[in-house]
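Shown here is one chain on its own, the form predicted on its own, set out as structure tokens.
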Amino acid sequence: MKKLVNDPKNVVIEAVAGFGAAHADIVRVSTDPVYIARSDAPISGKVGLVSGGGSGHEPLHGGFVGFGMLDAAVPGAVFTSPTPDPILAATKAVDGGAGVLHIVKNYTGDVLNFETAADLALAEGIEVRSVIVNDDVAVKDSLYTAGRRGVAGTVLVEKIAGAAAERGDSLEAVTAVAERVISQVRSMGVALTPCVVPHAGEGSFTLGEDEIEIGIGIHGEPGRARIKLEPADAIVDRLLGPILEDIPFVRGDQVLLFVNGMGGTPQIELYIVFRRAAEVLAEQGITVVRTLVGNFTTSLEMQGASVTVLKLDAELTSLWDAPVQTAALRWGR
């Protein structure tokens, strides 16, 4: 294993400190307990948005803290949920009096720990609502979840709910917008290689030189099938088919198409994936009106990609277009 780390036990603390130093105009960081908050938080009268989860998925979630998106992010150890204490600290740090929304990926540890933190916050007089992101169509249950996993669609939930909070919506309204995105977004991914968790020092699973895993989770959980490597177009077809059937998406829909890299996949390959996905959608009479391509929800250095499709309406499109200024996503400001 070759990694640019010092002591594997200090990876998250040192990375958070470096992130804070690099983006001091946008965020401030706490290292005890560990969380990342907007530099101007709390904002009086504004609903606060808090998300988080295991580290190793950067820029999720810390890279999305800033104007128009998250107010705070809570990183746990690599691939491990943060405990309730830092979640509570982050919640208190961004409470501007209008309540706080927790955006939680559907992994058992995340759900339980955010739930506990919400109860603790309520005991201190902070109103907290929670939404559970479960956009992965690959499997119903996994080693980490009861029900579908939360994966790259989380980025879209955070952006659109963040825009609603930024324009001054109430906690109830921001929660409703987040739930609408969750109900209309679906994702599925593929892994070409495993990743190496720093403290483990070896691959999280094993794939043959000519094998890929269809429907992989962002922690290396098994997917739907392990198959021989195929051309990119055939792989995209395997990912898009279950996505389009799930809601289902239908002719006439307008969508946001998001191709996400898992950390070790070059941009040139992601655009090959995007090209085929857009082609398939066009063939089915589904219009791509917004796009996103890049490494936004990663699995350390895993080679692979995921495809996410979000059914849009006029309001969701307007909220997606609204200004955002974070380390990883920025436009309109």
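Values in this document were obtained by computation on a predicted structure and should not be read as measured data. The first residue of the shown sequence is 1; numbering continues from there.
Keep in mind the form predicted together with another copy of the chain is missing from the figure; the text below concerns it.
Here the marked residues 1, 268 and 275 all reach another copy of the chain in the predicted complex, each with a heavy atom within 4.5 angstroms. Contact with another copy of the chain in the predicted complex, defined as a heavy atom within 4.5 Å, holds for exactly one of 26, 293, 43, 281, namely 293. Out of the listed residues 52, 48, 66, 56, 56 is the one that sits within 4.5 Å of another copy of the chain in the predicted complex by at least one heavy atom. Between 207-215, 96-104, 153-161, 121-129, the stretch whose residues reach within 4.5 angstroms of another copy of the chain in the predicted complex through a non-hydrogen atom is 207-215.
Mapping the unseen interface onto this chain, residue 313 falls outside it, with no heavy atom inside 4.5 Å of another copy of the chain in the predicted complex.
Contact check for residue 263: a heavy atom falls within 4.5 Å of another copy of the chain in the predicted complex. Using a 4.5 angstroms limit between non-hydrogen atoms, residue 303 touches another copy of the chain in the predicted complex. Though the partner is left out of this view, residue 232 does reach within 4.5 Å of another copy of the chain in the predicted complex, counting heavy atoms only. For the partner-free chain shown, 14, 15, 17, 18, 19, 21, 22, 23 of 13-47 come within 4.5 angstroms of another copy of the chain in the predicted complex, judged by any non-hydrogen atom.
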